[in-house]
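The chain below stands alone and is given in structure tokens; this is the form predicted on its own.
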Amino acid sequence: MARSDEAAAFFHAVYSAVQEIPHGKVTSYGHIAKLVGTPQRPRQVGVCLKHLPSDPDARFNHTNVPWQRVINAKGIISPRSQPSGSLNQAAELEAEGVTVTTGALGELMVDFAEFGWFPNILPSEAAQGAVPEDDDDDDDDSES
């Protein structure tokens, strides 16, 4: 099914933002949503990553968008419909030098204090002279 122009723009923004996450770092779905100007849409960020094309000829694909670097706000690799999905993500992160631990309930976790990436604006925007907007809240970005 064809995407609306708005949906296509959102997918493009999400994929572009995820491409800016440095090797060996992780961020949350909520933080990507905030960086692309839609802080109320962290679940939609997950939907975008779920539908990331595997076709290497696609503009954005599994090879050039580091989907594995986005985890949930608690520092947990979100479970997938297939059990191997979260294990695959953990393996991708470990290959980048990110330590993945297992919590008491078997959840796969990453320490945001060590591996988190939470800039106020995207590096590409900062390079163009953009200035981050002032946040009125004092929430920790890792909770996004």
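Start at 1 and count along the sequence shown; that's the residue number. None of these values were measured; they are calculated from a predicted model.
One more form of this protein exists, namely the form predicted in complex with the DNA; it is left out here, but the text below deals with it.
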With the partner absent here, would 13, 22 and 64 each sit within 4.5 Å of the DNA in the model of the complex, counting heavy atoms only?
-> no
Although the DNA is absent from this view, report whether residue 37 comes within 4.5 Å of it in the model of the complex, heavy atoms only.
-> no
Even though the DNA is not shown here, does residue 42 get within 4.5 Å of it in the model of the complex, heavy atoms only?
-> yes
Using a 4.5 Å heavy atom cut-off, state whether residue 81 contacts the DNA in the model of the complex.
-> yes
Within a 4.5 Å heavy atom cut-off, is residue 49 in contact with the DNA in the model of the complex?
-> yes
